[in-house]
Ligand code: GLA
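First, one chain by itself: the form predicted on its own, in structure tokens.
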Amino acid sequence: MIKPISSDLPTPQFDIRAPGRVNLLGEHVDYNDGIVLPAAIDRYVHLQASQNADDVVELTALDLGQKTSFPLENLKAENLPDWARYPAGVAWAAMQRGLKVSGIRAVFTSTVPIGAGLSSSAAVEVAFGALWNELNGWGMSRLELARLCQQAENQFVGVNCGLMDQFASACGVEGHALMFDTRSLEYEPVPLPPGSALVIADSGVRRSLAGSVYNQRRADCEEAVRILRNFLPGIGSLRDVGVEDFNQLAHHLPEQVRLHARHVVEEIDRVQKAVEWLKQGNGKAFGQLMYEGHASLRDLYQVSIPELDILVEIASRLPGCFGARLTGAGFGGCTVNLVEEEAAQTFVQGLAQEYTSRTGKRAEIYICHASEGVSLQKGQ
């Protein structure tokens, strides 16, 4: 028997939880065919639903105190409130593929902080995708489900995200990070150090990633490939450029292009090293790569801000911290810290107090653990 989360749906047929995610290493490499290292976290979108007799979707967003409904035929994003575009996009993407999508009555709530860079929107998409996958017998694997949800966000919502967020929410493994190859879509769970926690610190600065800045970074990476192809004819992206080759050829690149491309080449190399350290259970060596990754995002890719730098610098001096870095696109948002479980509470207190004293801002800090991906329970 499923315990209802709202009187709006007294007898739900399905109960679904889809986690948020944090990226531990491999930042700004997804659009360069690189390898990323996300983990699903134990903060969830919690969805309950029952099938409707007609082809209408009725939604209640409990946290917002808002409701909406829409017919499944002729779906258009502009006709919907922003929050409803994510589930509607999943329905639209499925129907684009010729899949059956049933009308539903659904309520959902979330413990994934909105706007903190922990992928609350991807968790909403994956939760609804898992619901319709079960309800309509699509038979999709978790990776296929993630790709459907990415299509929804790209083509219906209009956000040109990579696959990592939906992938982590769908495919997470408890106690593990996920080494995810954004080119081949192969992935492998990699164990996090036993007795460790993921502490996520929200700087309180909302990300203001201007499209022009993001687009310029992408353009610089593409320019680097264009120039380096004169010397390495077979390369398709910066993923194909090793650190040694880059060092020998970097002087051919304009300064800004060289800085940004160097971050990507070295970050991909860091992820490959990090996987080996994690497999060996060496949290200290992995943490050092986190610090190096942050320095690279600050100095080479130039996407950090003083508040994130301060959070990392404070964390590096607190007992029990293996490593820290900004996570996400940068220009605000969060840092992620790998911390010994037994030191986590003291770490949070120390980080919060010193951050406020140095910046005058308040950091929201969450102790999390790597969790399983989306889960679904049927009612009686």
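Numbers follow the displayed sequence, beginning with 1. In this text, the rigid core denotes the largest set of C-alpha atoms whose superposition between the two forms falls within 1.5 Å. Given the structure is predicted, the values throughout are model-derived calculations rather than measurements.
Absent from the display: the form predicted together with ligand GLA. The rest refers to it.
(request) Scan 162, 204, 189, 175 and let me know which has any heavy atom within 4.5 Å of ligand GLA in the predicted complex. (result) Contact with ligand GLA in the predicted complex is made by 162 alone.
(request) Could you tell me which one of 138, 214, 83, 291 places a heavy atom within 4.5 Å of ligand GLA in the predicted complex? (result) Selected option: 214.
(message) So if I measure heavy atom distances to ligand GLA in the predicted complex, which of the stretches 28 to 36, 337 to 345, 52 to 60, 308 to 316 falls within 4.5 Å?
(response) Of the stretches listed, the one contacting the partner is 28 to 36.
(request) Please run the contact check for residue 333 against ligand GLA in the predicted complex: heavy atoms, 4.5 angstroms, yes or no? (result) Although ligand GLA is absent here, residue 333 would stay clear of it in the predicted complex, with no heavy atoms inside 4.5 Å.
(message) I'd like to know whether residue 323 contacts ligand GLA in the predicted complex, with contact meaning heavy atoms within 4.5 angstroms.
(response) Close contact is absent here: in the predicted complex, residue 323 is far from ligand GLA, nothing within 4.5 Å, heavy atoms only.
(message) Quick check on residue 329: any heavy atom within 4.5 Å of ligand GLA in the predicted complex?
(response) Because a heavy atom of residue 329 falls inside 4.5 Å of ligand GLA in the predicted complex, the answer is yes.
(message) Please determine whether the C-alpha atom of residue 70 is displaced by 2 Å or more between the shown form and the other one following superposition on the rigid core.
(response) No, the C-alpha position differs by under 2 Å between the shown form and the other one.
(message) If I superpose the two forms on their rigid core, does the C-alpha of residue 183 end up displaced by 2 Å or more between the shown form and the other one?
(response) It does not reach a 2 Å shift.
(message) Once both forms sit on the same rigid core, is the C-alpha displacement of residue 153 at or above 2 Å between the shown form and the other one?
(response) No.
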